[in-house]
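First, one chain by itself in structure tokens, the form predicted alone.
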Amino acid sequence: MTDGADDAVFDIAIIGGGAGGVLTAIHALRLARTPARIVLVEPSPVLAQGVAYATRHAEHLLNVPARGMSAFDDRPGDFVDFLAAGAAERDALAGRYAERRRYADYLRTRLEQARQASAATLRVVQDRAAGLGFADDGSIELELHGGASLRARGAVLAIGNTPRPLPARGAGALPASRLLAAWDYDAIKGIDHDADVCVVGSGLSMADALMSLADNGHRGELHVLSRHALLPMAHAATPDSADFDIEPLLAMGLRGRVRALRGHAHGGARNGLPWQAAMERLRPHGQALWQSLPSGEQRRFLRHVVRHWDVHRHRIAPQVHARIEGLRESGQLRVHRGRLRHVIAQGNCVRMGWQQRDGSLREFDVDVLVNATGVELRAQTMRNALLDGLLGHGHARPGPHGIGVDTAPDGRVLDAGGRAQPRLYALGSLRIGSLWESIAVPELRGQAEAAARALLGQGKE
């Protein structure tokens, strides 16, 4: 399925072969009514993984029940159909949290099926996109890291997530065996069972690291250090949604929205609903809620509310949450609130210096640090040559608050002057600044289908 580039002009170039890029390829292949030529550029030899789905370990579960993970808006049960061996188990599977590795399998299967049934052709080029420019005729010229180049009439930026480096002095000098990335799943599994480990960051990738250690029967001390010490919360046992009007929220400022949401959660509790039901009610309206906030209120959200929002919005499987709570209750896991300042290799250990809320500095030693601080949101700091070139040449500009790149409502990339590039689209994490809700599967599949339709010259059916 992997091939080299050639001199012909492709109709669509998809840059990135993680979940977003593969979803775009699936929809382009399904929608094509003519022998369109599609190329997907991805350095990894295995598609549909990226940082989210690269794990091959069974303890890493999806953070959403299977019923919410279809690749298609018009076939909401498709992922469940893929998982189910027969109709008898389908209903039970819909509410389960499948192994995350199964989602990558699912996307690759649907990609191959779409490829076999399509009038279009798909070429996969195993390389990294290093630069993007525009020819005089408006076509896109894509330079590859390996020295080749290709041309396309349109392109989709689906570059996925870039892990953030550990924000501490001395991190670059630590031995590789002492500082591991949370997404280096095999390395986490290889940590000595008796090692004292500190996970820096308390989000979803922290949960993955702890689950791998627990699955290994880890015996050493476990620590989590983060600025807020807020861990992801669990999904409710049932997918209930509260019933309240969203429109009044759109007219409120940030403070009013927070107060109203708390009121709806308390009101639901009086009627026997878990607080998660209020969040489920908001779920389809995340983009509208973000875009209706003035810029200043968005900044306040990013400064003061975002972490509280994240732990309530981006929840984890109940069984994962229960296992983490079990580690805390046993005393093996300790959660610390503070900001990591420096790390120093001390023999076979790492000395961590972190600042508490009162400004005092604390230190302790661990054997291994795990960087679970999340992904880069600012395009200028993603260490991506393609994005650096687009921004440097004015073909793109940073998104609101410096997050991702700026896009038109239809996903077209805006240049430095605010003009939409006619046939260059972005999706996923690159659109967070504009949309906020942009990386979950419902948003990814919608953006992927819309970009494919536009580049194939089709309207919404």
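Start at 1 and count along the sequence shown; that's the residue number. Just so it is clear, the structure is predicted and the values come from calculations on it, not from any experiment.
Form predicted together with a small molecule: not shown, discussed below.
Residue 386 belongs to the set of residues with a heavy atom inside 4.5 Å of the small molecule in the predicted bound form. Looking at residue 82, you'd find every heavy atom of it more than 4.5 angstroms from the small molecule in the predicted bound form. Among residues of the shown chain, residue 50 is one whose heavy atoms approach the small molecule to within 4.5 Å in the predicted bound form. Although the partner is absent from this view, residue 268 stays clear of the small molecule in the predicted bound form, with no non-hydrogen atom inside 4.5 angstroms.
Exactly one listed residue, out of 207, 152, 225, 129, brings a non-hydrogen atom to within 4.5 Å of the small molecule in the predicted bound form: 129.
This chain lacks the partner; the member of 100, 264, 110, 281 within 4.5 angstroms of the small molecule in the predicted bound form by a non-hydrogen atom is 100.
Taking the partner from elsewhere, no residue among 199, 350 and 371 has a non-hydrogen atom within 4.5 angstroms of the small molecule in the predicted bound form.
Of the candidate stretches 29 to 37, 390 to 398, 414 to 422, 57 to 65, only 57 to 65 contains residues with a heavy atom within 4.5 Å of the small molecule in the predicted bound form.
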